[in-house]
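First comes one chain, alone, set out as structure tokens in the form predicted on its own.
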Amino acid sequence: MGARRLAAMTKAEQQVIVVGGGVAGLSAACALAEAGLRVRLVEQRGYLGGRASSYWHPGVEETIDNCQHALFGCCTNLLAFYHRIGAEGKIHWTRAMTMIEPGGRRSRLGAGRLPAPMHGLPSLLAARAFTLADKWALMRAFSALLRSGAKVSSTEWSLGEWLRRNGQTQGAIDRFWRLVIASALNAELDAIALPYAAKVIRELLLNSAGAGAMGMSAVPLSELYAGAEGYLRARGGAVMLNAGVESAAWNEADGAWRLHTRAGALAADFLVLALPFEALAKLLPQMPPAEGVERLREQIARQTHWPICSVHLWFDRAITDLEHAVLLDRTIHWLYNKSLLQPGRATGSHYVELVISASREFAALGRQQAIDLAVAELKEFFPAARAARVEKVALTKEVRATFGVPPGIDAFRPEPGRSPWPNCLLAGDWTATGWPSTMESAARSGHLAAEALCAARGERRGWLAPDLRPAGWMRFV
């Protein structure tokens, strides 16, 4: 009866509830609204963006990001989503990265004029942060990853094991693999499956100069998604904030879902669960029994979290003219100059954010201890910070910032666009998108879920954006 009822309904009459207002849920909801369905987005928090969001911090009377997020030119689905909601103009792009050693010596990595994959070679050879042995080790590693191809994709090695087998110097490990690659994947070297590290190297550094261009939000993160709410409302949809789902039931007789939320009861023909894995685990006992639920529970149980911490500092004067920087050989890893990256902020202070990736030790520190450590280390890189006065400070610890990608995890990532229940689809960065824990993975999962939902209605839609094409010599590799 449910299938006959759906067939008799027009697109505008068919309703979808998307649970989760992060990038996965937003990308799915906007795609489905574009297809003509009536979409209701349900989010338990009072703002959109999920783990890539911002909020008003009363202690500093500023809107701050929960943790810094960046995207790259190879993030085709995230960029397609931003284009759909009109947010692409709110991204600040750069093609170079400044690495700073304690004491202030700088090296600059970025794309040159050589064809891919050689476009980054001149800046690597000129980088004073690496010894000649480090540079030779890195070039050997990049070449080995290119040559090994399918062999790397199928291995169960960790990145750390592969680096030890391939003769990487300590300098290359500490200043590139641990800081740049492990930081990007937000995990320790031995907790990263080699295929994911190889994907980052290929996609960001080798395929093309444009693929490695780095984008940072020019506005607080939640402002990126303001256009999504308007996009949905303009197409007959709705956004419900502060409306966490408490239970869901499937009515076989009329082929419809009924949800109980903190904001009341809802009903829809389709359900998209775009939740982090720990939130889905909490909801599972309140979902209908179905074949495959135990397998999903097992898959969720194998997922792990890694934290990202940020120290937000407002100084009484500028301490650097850099927009962002990689900080070597210390606990803090990245500096983002929010006063330059987000010029719309109405503040007379100089605002910088320091980011510490994949550090459970830092996340375990007390507030003042963490702040004191970060400020002391910052002064080693920027002498101007020694004379500057800290006017206010905020510490954020996103303990569930990303999911881990250890060897073997692919067997426990459920397929996006499917679930054990009828007319119900999963989305989320942790599902099997082929990407690590990134906003691109989230956007891909949302687009895949939207495609699967439309396929269930007998309609072929193609929202999954293709990968960025390799350039230069990489077209033949």
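When you see a residue number, it is the position in the sequence shown, counting from 1. Quick caveat: nothing in here was measured; it's all calculated off a predicted structure.
Unshown form predicted in complex with a small molecule; subsequent notes refer to it.
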Report task. Note which of Asn77, Thr402, Ser217, Ser208 lies within 4.5 Å of the small molecule in the model of the complex, where distance is taken over heavy atoms; exactly one does. Result -> Thr402
Query raised in the report: in the model of the complex, which of the listed residues (Cys30, Leu37, Leu425, Met439) lies with a heavy atom within 4.5 Å of the small molecule?
Result: Met439
Query raised in the report: Any idea which of 243 to 251, 312 to 320, 118 to 126, 197 to 205 reaches within 4.5 Å of the small molecule in the model of the complex, heavy atoms considered?
Result: 243 to 251
Requested in this report: Give a yes or no on whether every one of Arg84, Ala226 and Glu451 sits within 4.5 angstroms of the small molecule in the model of the complex by heavy atom.
Outcome: no
Query raised in the report: Arg413: heavy atom within 4.5 Å of the small molecule in the model of the complex?
Result: no
Query raised in the report: Would Ala274 sit within 4.5 Å of the small molecule in the model of the complex, counting heavy atoms only?
Result: yes
Requested in this report: Answer with yes or no whether Gln68 is in contact with the small molecule in the model of the complex, where contact means some heavy atom within 4.5 Å.
Outcome: yes
Query raised in the report: Is there a non-hydrogen atom of Val16 within 4.5 angstroms of a non-hydrogen atom of the small molecule in the model of the complex?
Result: no
